[in-house]
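Next up: a single chain in structure tokens, the form predicted on its own.
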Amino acid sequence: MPITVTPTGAALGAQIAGVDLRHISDADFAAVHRAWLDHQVLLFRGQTLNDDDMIAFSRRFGELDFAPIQENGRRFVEGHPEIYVVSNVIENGVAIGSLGAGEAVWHTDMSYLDDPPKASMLYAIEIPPAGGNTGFTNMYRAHEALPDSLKRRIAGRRVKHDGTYNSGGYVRQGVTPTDDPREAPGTYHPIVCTHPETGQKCLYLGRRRNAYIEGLDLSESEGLLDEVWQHATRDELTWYNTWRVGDVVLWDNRCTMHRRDPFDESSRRIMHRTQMKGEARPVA
């Protein structure tokens, strides 16, 4: 069966059919990689992967990050340090994963690092009967859609990407929380970046909480960030995946943001995630 690429019809995303990620030829991988750059987010349905399979396919994109430490102090799946568990499930009184059942706000994965990951991949093992959908927003189009006056106000500026909280609102391991963005741990990156592979301009915002635009008064920074975020997260710039067991979603962390809808905490949701290392700091 030949590989097919079917765009979602939304602002970003495409579904890939005709490929088993456990056994993918070089030619099919080249087509997948091209589709990933063209559509930013790819959905593969009906996959049957173990952790070794997931790691092997992810490595086709480059070196992998080790999973970050979870809120419960655990770091990774035993024997597979590249696997991060996203789950609300409690076993023997201990959470097996991270982020719980609440909303995960719009964010870019681990953008508080000097060299953030370039890609992330999420595999659905168990899903709740409702909720927990994941949305993505197109940061190329977000930049293009900004009014000229707003583009001029952010031109050449850098934003601080907060390292205090993760996307579920939990304090990161070993961090003392503060809600003053000027004092919070984090890294400055250009608000407008150039994608290193496509050469296109895009917004690079990270997370709204504790963000701060370098060189501005706090109130001015807050107001400008509110304007930019309002434009960047409009519905017409987004696509949402309603998860099925066996779904694999791969996204380009450099030109998208994503979020998660909350779901009933009495339901079970288990996802495994890998991250591909970034190859350079984001640049304007």
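Source: prediction; values computed, not measured. Position 1 is the first residue in the sequence shown; the rest follow in order.
One more form of this protein exists, namely the form predicted together with ligand OGA; it is left out here, but the text below deals with it.
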* Assess the spot marked by Y140, K151 and A232: is ligand OGA within 4.5 Å of a heavy atom from every one of these residues in the predicted complex? => no
*Could you confirm whether W239 comes within 4.5 Å of ligand OGA in the predicted complex, counting heavy atoms only?*
no
| Taking heavy atoms and a 4.5 Å cut-off, does H161 contact ligand OGA in the predicted complex? | no
>> I'd like to check something about H39: if you look in the predicted complex, is any of its heavy atoms closer than or equal to 4.5 Å to a heavy atom of ligand OGA?
In response: no
- Task: Please run the contact check for R273 against ligand OGA in the predicted complex: heavy atoms, 4.5 angstroms, yes or no?
- Result: yes
Residue within 4.5 Å of ligand OGA in the predicted complex by heavy atom, from I83, L122, L205, C202, is L122
Heavy atom within 4.5 Å of ligand OGA in the predicted complex, from candidates I213, V192, L99, A184, belongs to L99
The stretch from 193 to 201, 172 to 180, 143 to 151, 101 to 109 that lies within 4.5 Å of ligand OGA in the predicted complex, judged by heavy atoms, is 101 to 109
